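Listed next as structure tokens is one chain, alone, in the form predicted alone.
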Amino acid sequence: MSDALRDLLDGRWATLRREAVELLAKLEPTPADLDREQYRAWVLEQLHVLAAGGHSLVAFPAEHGGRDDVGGSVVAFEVLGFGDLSLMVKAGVQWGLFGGAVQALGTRAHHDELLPAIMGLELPGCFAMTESGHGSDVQRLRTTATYDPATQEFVVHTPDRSARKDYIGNAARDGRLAVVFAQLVTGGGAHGVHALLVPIRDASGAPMPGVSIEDCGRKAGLNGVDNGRLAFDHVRVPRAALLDRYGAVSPEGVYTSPVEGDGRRFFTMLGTLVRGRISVAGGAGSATKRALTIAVRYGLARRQFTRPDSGEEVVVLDYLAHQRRLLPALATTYALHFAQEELVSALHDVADDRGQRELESRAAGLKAVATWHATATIQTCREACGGAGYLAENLLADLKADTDVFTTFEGDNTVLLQLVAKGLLTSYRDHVGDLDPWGLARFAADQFVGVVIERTAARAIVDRLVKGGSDALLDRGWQLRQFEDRERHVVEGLARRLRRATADDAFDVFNAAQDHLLHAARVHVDRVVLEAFVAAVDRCRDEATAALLGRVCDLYALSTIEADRAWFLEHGRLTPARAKAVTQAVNGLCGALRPHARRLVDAFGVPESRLTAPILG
């Protein structure tokens, strides 16, 4: 059963995943007690080991020496989440954000010139989007890139401190070239945010003229990543520095673009960078799996208090309270794993605009839910290991510190869920350029009748289970109906609230409905995740493994309903007696899964070399 479970979890990219684990084993364990500069130097050294081992080649085009495997690159990144998270993030900055931006936003000339050096780490770089004054509202960045036709150059400028680029990975120490996002101005007209290549250091490592570099200093975690701040004082770069796939400027200063409208062009451009958001969700999942592996294995070894009938000390994981801490979180981690696998496949296979828009919405929702889950679960694992969990040597403290910011970078989670909720109003996707609250409210009022709950890959399975289901709590059809009915009700209620808006009070109506907006997004993601889990159980051909996974899926579904039982009670979906029965069922599933807890965490495949916590013996 263990092999069947591991094979199912390894999924479509099983061979690549296992190759990535082998490469991870070649890396040094993180040395203890390094100061910040030593840690940064060690991370860069290990990054070169990754480059030499081929990690950097996976996503890039074969014509430049890569492997043309976008989905595989996310899987390889996920595996790095079993190890040092500063190294994982720095790899993501170099090859996912910086290299990915050059690949996605640049054209053939940029690729030919830069991609081989980026892959080989001869050209370390930065992704300079976020500003001190604008983090989530990227469309209103204030850095400017003004074209000068007399010299055929762009003048990149930071107008004030709020426009400096902030928290930029690779900026404080190692980066030499930055992809800088700025408002493009030419011929007296503004054309929205575009990306340009700006050298920030010379060959000796000194800042380039006009470039100011500051170190962000010590952070709560990820101190092996050299985050810094960048500011530009009328820095000139050649016209060819513009990454011009979606917008070009002629030598005379004439702007052209294959995409009409600044708003549509902006979101088209950002959509090509969605891989970073998906990667963060996967990295968070790997860190969560590592924490759960430590906590569950410790819970199976640790004993506390004696049984009055035998006088023997009780294994901690035999206590229902301890099972309640860890096993629903374990079930949710399985559910999110299968949802992530579907998301990575969608990224790899996306072929049209509709698929791209659905991908972006799902990536936003899953990133938010997966990183919040990581934060909560790693904290629970730390507490479940008592005082030992607080010791750095047992790994959980660093996992907690390093993953904390995952809820913020690649999109603040609360903002991302609002994007998901807006996407649930289906035709809104055709109004990309009109993001203001009045536009959303007006659209909801006029066209909400077209809203359809997003169909997932598991739809045929779901329809079969729902139609043939009973009202038993452990009936998969009943569980699926609860999730879908809740989503439909919440989204329809949101639309009714937004219908009340007028031109005069649109912002106030929208603002007053934000709690509802966030709930709509969350219940949508819950439903998508459950359907991914159901599909995984369905494709499992080993009967014993499928039966075990079915119980884990039950625990995910019922613990999710239990967590939101106030809604189910308030809206008449559960009676008080039925709500109590849900809690009893969750308790029963925890007890039933207790004998399988070790098998379930072992199937994650966290290398033993990354489970060196002394509490594991």
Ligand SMILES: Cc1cc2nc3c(=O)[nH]c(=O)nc-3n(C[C@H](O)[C@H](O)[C@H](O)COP(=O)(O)OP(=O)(O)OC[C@H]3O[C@@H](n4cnc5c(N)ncnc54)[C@H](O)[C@@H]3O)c2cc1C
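Because the structure is predicted, anything quoted here is derived from the model rather than measured. Residues carry their position along the shown sequence, with the first being 1.
Note that the form predicted together with the ligand isn't included here; everything after this is about it.
Asker: Whether residue 167 contacts the ligand in the predicted bound form should be assessed with a 4.5 Å heavy atom distance threshold; does it?
Answerer: Residue 167 belongs to the contact set for the ligand.
Asker: Residue-level contact is defined here as any heavy atom of the residue lying within 4.5 Å of the ligand in the predicted bound form; does residue 86 satisfy this criterion?
Answerer: No, residue 86 sits far enough from the ligand in the predicted bound form that none of its heavy atoms falls within 4.5 Å.
Asker: Residue-level question: is residue 219 within 4.5 Å of the ligand in the predicted bound form, judged on heavy atoms?
Answerer: Close contact exists here: in the predicted bound form, residue 219 approaches the ligand to within 4.5 Å, heavy atoms only.
Asker: Should residue 408 be classed as touching the ligand in the predicted bound form when contacts are defined as heavy atoms within 4.5 Å?
Answerer: So residue 408 counts as contacting the ligand.
Asker: For the interface check, one of 479-487, 105-113, 167-175, 520-528 should have non-hydrogen atoms within 4.5 Å of the ligand in the predicted bound form; which one?
Answerer: So the stretch in question is 167-175.
Asker: Heavy atom within 4.5 Å of the ligand in the predicted bound form: which of 268, 379, 414, 152 fits that? Just give me the one.
Answerer: Of 268, 379, 414, 152, the residue with a heavy atom within 4.5 Å of the ligand in the predicted bound form is 414.
Asker: May I ask you to choose, among 146, 250, 272, 514, the residue with a heavy atom within 4.5 Å of the ligand in the predicted bound form?
Answerer: Looking at the other structure, the residue within range turns out to be 514.
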